[in-house]
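Just the one chain here, the form predicted alone, laid out as structure tokens.
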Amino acid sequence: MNDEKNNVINPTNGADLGFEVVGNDAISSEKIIAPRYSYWKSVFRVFFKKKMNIVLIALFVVLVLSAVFIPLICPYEPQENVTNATAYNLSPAKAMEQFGHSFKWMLGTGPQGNSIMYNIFAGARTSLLLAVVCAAINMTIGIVLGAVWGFSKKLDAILIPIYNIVANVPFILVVAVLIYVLGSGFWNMVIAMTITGWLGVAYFFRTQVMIIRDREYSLASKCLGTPIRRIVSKNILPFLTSVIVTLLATEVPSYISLETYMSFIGIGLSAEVPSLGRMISAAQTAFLTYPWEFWPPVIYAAMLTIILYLLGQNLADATDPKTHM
């Protein structure tokens, strides 16, 4: 029994077990040796830990770069073969037989002899640009206003009645009416999608801010005289990073889908502006007879929305500090 006690209290035995005697130094005993924590480094570590995200990013980069640069290098000309009736609605095999084997005719021709391949990239460029502009406007206004809205009772009294009225009107109905009033066009479409779109985002963030504004660290900052603007920017918004990413993950694909739908029913962009929705709308009557005119833009639009949604959801998970353990 005495030998066991001697082994326990003997400092030399601790070295064999991987322990080190600190001694009676109070400062040394309080030191914690741990790697320095970096939030964004942990976010990217968790995000890229999933190999599927790398594949999705590669596909998304290919789709975006092709939509941005191919129309610049190879401009889309919808009327280039309009006087040649033999070029109308050609399958990929017949189009390459008539015009030669090239990238331009790999998907055949449309109802006016236009290149479907070039039309897809030109339309995707318009749809992506529209979605990014609308999401940037709505998210910027919504986040800033929603953060202030969650603290300001005066602003709350003004915006709550407005939100209750606007929220009870279907958003797609608002967009359709505004397009009829303003007319078709890219910037008219942007105005129609953003004139009330930011209100829903602002209300969502107002609710999130109200949930965390009364936590201890925010109350302590307020008691110390910290301005509301600084409390919002330093205490509230960083905590909502994962929420912002999650909402952004749904905003961009939703605007691509909305533009596609509005153009599909004929009240979207003007006829001279190529878009994925207009391609699908023009090919709906040829769904069975000329399937090469319908399915390529559908697949391209579906790939864009699905990839953006999956990447956004995975990035939102990675921005949650709970996943950094």
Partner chain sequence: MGKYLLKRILFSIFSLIVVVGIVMLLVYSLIKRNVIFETDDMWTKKALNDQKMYEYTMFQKYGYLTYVDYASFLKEKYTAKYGEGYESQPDYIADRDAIKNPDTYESNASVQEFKEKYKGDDIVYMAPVNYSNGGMKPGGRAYLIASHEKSVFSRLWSYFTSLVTVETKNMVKDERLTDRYIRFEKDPYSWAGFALVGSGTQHKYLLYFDERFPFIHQNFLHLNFGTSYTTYRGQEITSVISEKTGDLKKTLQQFPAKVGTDEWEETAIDFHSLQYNSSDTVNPADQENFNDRYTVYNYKKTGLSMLGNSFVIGLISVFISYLLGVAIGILMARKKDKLVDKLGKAYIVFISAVPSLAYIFIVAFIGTSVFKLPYKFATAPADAKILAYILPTISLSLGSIGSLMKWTRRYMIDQMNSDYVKFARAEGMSEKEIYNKHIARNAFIYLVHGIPGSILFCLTGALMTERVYGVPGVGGLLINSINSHDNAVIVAMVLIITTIAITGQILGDLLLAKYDPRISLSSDSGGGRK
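Residue numbers count along the first chain shown, from 1. Bear in mind that the values here come from a model prediction, so they are computed numbers and not experimental data.
Same protein, other form: the form predicted in complex with its partner chain, not shown, and the subject of what follows.
Contact with its partner chain in the predicted bound form, judged as any non-hydrogen atom within 4.5 angstroms, is confined among 175-183, 140-148, 199-207, 239-247 to 175-183.
At a distance of at most 4.5 angstroms from its partner chain in the predicted bound form, all three residues N164, F264 and W295 contribute at least one non-hydrogen atom. The contact residue chosen from P227, P170, P75, G100 relative to its partner chain in the predicted bound form is P170, the criterion being a non-hydrogen atom within 4.5 angstroms. Shown without its partner, this chain lists V46, I280, A67, L269 as candidates; in the predicted bound form, only I280 has a non-hydrogen atom within 4.5 angstroms of its partner chain. Within 4.5 Å of any heavy atom of its partner chain in the predicted bound form lies no heavy atom of L315. Among heavy atoms of S257, some come within 4.5 Å of its partner chain in the predicted bound form. Proximity of Q284 to its partner chain in the predicted bound form falls within the 4.5 Å heavy atom cutoff.
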